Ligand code: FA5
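A single chain, nothing else alongside it, follows as structure tokens in the form predicted on its own.
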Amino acid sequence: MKEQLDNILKEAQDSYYHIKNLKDLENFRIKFLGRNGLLASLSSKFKDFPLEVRKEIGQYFNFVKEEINNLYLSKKEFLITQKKIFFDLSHPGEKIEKGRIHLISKEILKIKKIFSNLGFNIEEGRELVSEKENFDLLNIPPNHPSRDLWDTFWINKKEYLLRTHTSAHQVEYLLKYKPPVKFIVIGKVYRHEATDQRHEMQFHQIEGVSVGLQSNLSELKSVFQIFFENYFNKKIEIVFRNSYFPFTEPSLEVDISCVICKGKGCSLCKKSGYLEIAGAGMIHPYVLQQAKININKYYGYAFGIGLERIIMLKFNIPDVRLFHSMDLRFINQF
């Protein structure tokens, strides 16, 4: 008899964890505690035992019955409380904090849409690239300062590195698509440098490339004009200045009229009325040749824009470190 009671208790304990609703609970009660349940069927056999045995068995029977009844009451309380929490319409609600798309991610989506409307393919590329992709194919000589440890995060004995610019993908996608082609590469780049208000070790860059029969500086200026006016939602003046980059010839610094003072002169533009916003130029013939492009037939331009830079200008953000600060007071504004 005791062994049978042990089996019934164990079965009740196992069944307890499978009770999902009040209907399951009622079936549990009927099976174990009901008038025709397992315990009741055993109690009818007590009369067959001697008096001294009947007393001992009776005590153990009552123990088992109480344990099963406690299981029943415990599950009943849980189910009723759970039902009240989830289905009582008068119960006070709780504010649930929703996640937000980060400002950088939102602006990337806007930028992709603008360039897509201008006919550019959208690419991202790999953050881990080879030395050849990041430097050699772009006409950057072995003794160039950007190869120094202070500017580059090298991996695996200088064979691979975290890309220092999205220009590392110029040749890769020119080989993939063949001219005429337009594409932008947008994503994170890495520089081994000190962090301050204007500089971060990790930031985003937009690389634009166009190669074809009409890919010239006139078209480049038009692309800048349309992009910046759509992005800042205001009239923008574009100015080109001579510069130097190993992978472009001629090379240009690109200035735009100050988005704060509208060219009148303020502390942000240092009273000049203009802000340096991008680097650009005609793609160097050496780079085109690495992409197996006929330099007597095709030519093209390339440009690079710092994403955080233009976002800071658009929203008047004073410190680039705020983007990754995890400060909700800053993040929730956008």
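For clarity, a rigid core is taken as the largest C-alpha set superposing within 1.5 Å between two forms. Note that residue numbering begins at 1 and tracks the sequence as displayed. Nothing here was measured: the structure is a model prediction, and the numbers come from that model.
Only in words, not in the display: the form predicted in complex with the ligand, which the text now covers.
- Site annotation in the predicted complex: the residue of C269, L39, A280, I293 reaching within 4.5 Å of the ligand with a heavy atom is A280.
- The single contact residue among P285, G34, G265, G306, judged by any heavy atom lying within 4.5 Å of the ligand in the predicted complex, is G306.
- When contacts are judged by a 4.5 Å heavy atom cut-off, E207 counts as touching the ligand in the predicted complex.
- Although the partner is absent here, V64 lies well away from the ligand in the predicted complex, with no heavy atom inside 4.5 Å.
- Although the partner is absent here, S215 is not a contact residue: none of its heavy atoms lies within 4.5 angstroms of the ligand in the predicted complex.
- Not displayed here, the ligand is approached by E253 to within 4.5 Å at the level of heavy atoms in the predicted complex.
- Highlighted residues E123, H144 and T152: none comes within 4.5 Å of the ligand in the predicted complex, counting any heavy atom.
- For the ligand in the predicted complex, the listed stretch (95-103, 125-133, 241-249, 73-81) containing residues with heavy atoms inside 4.5 Å is 241-249.
- Residues H165, S167, Q170 are the ones in 161-185 with at least one heavy atom within 4.5 Å of the ligand in the predicted complex, listed in sequence order.
- L275: CA moves 2 Å or more between the shown form and the other one after rigid-core fitting.
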